[in-house]
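Next comes just one chain, in structure tokens: the form predicted alone.
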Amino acid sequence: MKRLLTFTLVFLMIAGSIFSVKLTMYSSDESKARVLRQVVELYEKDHPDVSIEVVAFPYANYMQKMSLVFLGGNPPDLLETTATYLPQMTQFMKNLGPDIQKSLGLTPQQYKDSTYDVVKVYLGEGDVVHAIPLHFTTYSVWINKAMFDKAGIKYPPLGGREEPWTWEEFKDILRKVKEVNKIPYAMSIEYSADKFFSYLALWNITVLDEEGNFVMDQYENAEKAIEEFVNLFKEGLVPLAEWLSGESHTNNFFGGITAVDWAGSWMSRESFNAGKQNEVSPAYVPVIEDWFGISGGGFLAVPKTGNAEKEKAATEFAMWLANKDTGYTEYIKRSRDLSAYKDHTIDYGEPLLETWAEVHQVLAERAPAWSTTVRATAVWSRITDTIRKDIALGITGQMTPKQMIQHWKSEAERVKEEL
């Protein structure tokens, strides 16, 4: 009898292993992967027949890795990606429109209309839904409160100043906070074309129009804007290694190497993860021609793998995560991001997060529509690597702003012709 019981237990364990569906999810960075693993664990408790492994890739070379994955014909079952990269991968993604109608009782258009416009623009046209939104983000600058206090600098809006700094004031502040605190650099900026775009947009300059046509060469101050950005590195205000070797901007900021991080609302999550939430604060970006926070976001897609069983299981997880009454609220509370859905109130359990969300709401509401729509094109998505690499060449003196603009124009025209 004892042998029979042991045999039965072993058989059940083997059978459970054989008959469970094992999925793989790729994530664009480890921070988001940690949150996704937490919600996956919740899902697996109620769905023991499914297991999901979440694999994180470094964001600095994420699209390069994904290009190899999809061209090699070996896509993951689930894919977390960002507004920067989703547009160039939609051809590989399953249309979730019919599944949304079946699972959530909403037409694809009703579902998309339930999200903020800065999210909806990435989801697809008509009855197509390329991905479900995970959150939306908006840019801001983050400051080390102690370093600013030591330098006697007030910051907007939570540090005693109401209005944003001018660009010239901001550069002077970077110099002062660096000198007073005796730190090697003043500000961090991640190796990202969208970080550059968030700066460029404050000049009221865009690289493309909404149809994907290159227009940056039509702005008289475009070269000056690039030169000002590159000079932040040349002057030693921003670590060269953040753009030349992908050094971590968050490690530099939280480690006290820099006093400012040109980042965004996602730093709410990062600061709590690092235990630094009481040491930092979001602040308004400086005003150049205008001031606002360009918006982006995160998405979860189901790649077309050709495996019907896995696609079905992956889609069911995506629908669970798309539902505000099931997985979505669990996700957003843990990610500490801004909800992608209109009229969706989140109780984060942290008053500080509510205060920070108000700062980012101001920045998001000020953003003009073009700051989102011009980046929701496959052309922008595919020229981002060229832009950031050329800026790195500009930092090292190997490329002028004029040469960058000419190169970006030729690349944009080539990509648009291919599309």
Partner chain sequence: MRKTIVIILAVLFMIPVFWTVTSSFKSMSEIYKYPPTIFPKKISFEGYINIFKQSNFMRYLYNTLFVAIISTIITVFLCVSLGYGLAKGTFRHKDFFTEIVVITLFVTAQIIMVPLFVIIKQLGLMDSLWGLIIPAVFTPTGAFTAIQYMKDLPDEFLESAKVDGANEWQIFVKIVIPLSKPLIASLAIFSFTWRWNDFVLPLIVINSGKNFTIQLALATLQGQYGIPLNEILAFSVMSIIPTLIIFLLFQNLFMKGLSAGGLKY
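Residue numbers count along the first chain shown, from 1. Please read these numbers as outputs of a predicted model, since none were measured by experiment.
The discussion below concerns the form predicted together with its partner chain, not included here.
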According to a 4.5 angstroms non-hydrogen atom cut-off, is residue 266 in contact with its partner chain in the model of the complex?
yes
Give a yes/no on whether residue 254 approaches its partner chain to within 4.5 Å in the model of the complex, heavy atoms considered.
yes
Taking the shortest heavy atom distance, is residue 71 within 4.5 Å of its partner chain in the model of the complex?
yes
My question is simply whether residue 44 lines the interface with its partner chain in the model of the complex - judged by any non-hydrogen atom within 4.5 Å.
no
In contact with its partner chain in the model of the complex (heavy atoms, 4.5 Å), from 44-52, 350-358, 365-373, 23-31, is stretch 23-31
Residues 144, 152 and 176 are flagged as a possible site; in the model of the complex, is every one of them within 4.5 Å of its partner chain by some non-hydrogen atom?
no
Give me the residue from 274, 237, 158, 216 that has a heavy atom within 4.5 Å of its partner chain in the model of the complex.
274
Assert contact residue (its partner chain, in the model of the complex, non-hydrogen atom within 4.5 Å, options 335, 206, 82, 198) equals 82
Between 331-365 and its partner chain in the model of the complex, list the residues on our side with a heavy atom within 4.5 Å.
none
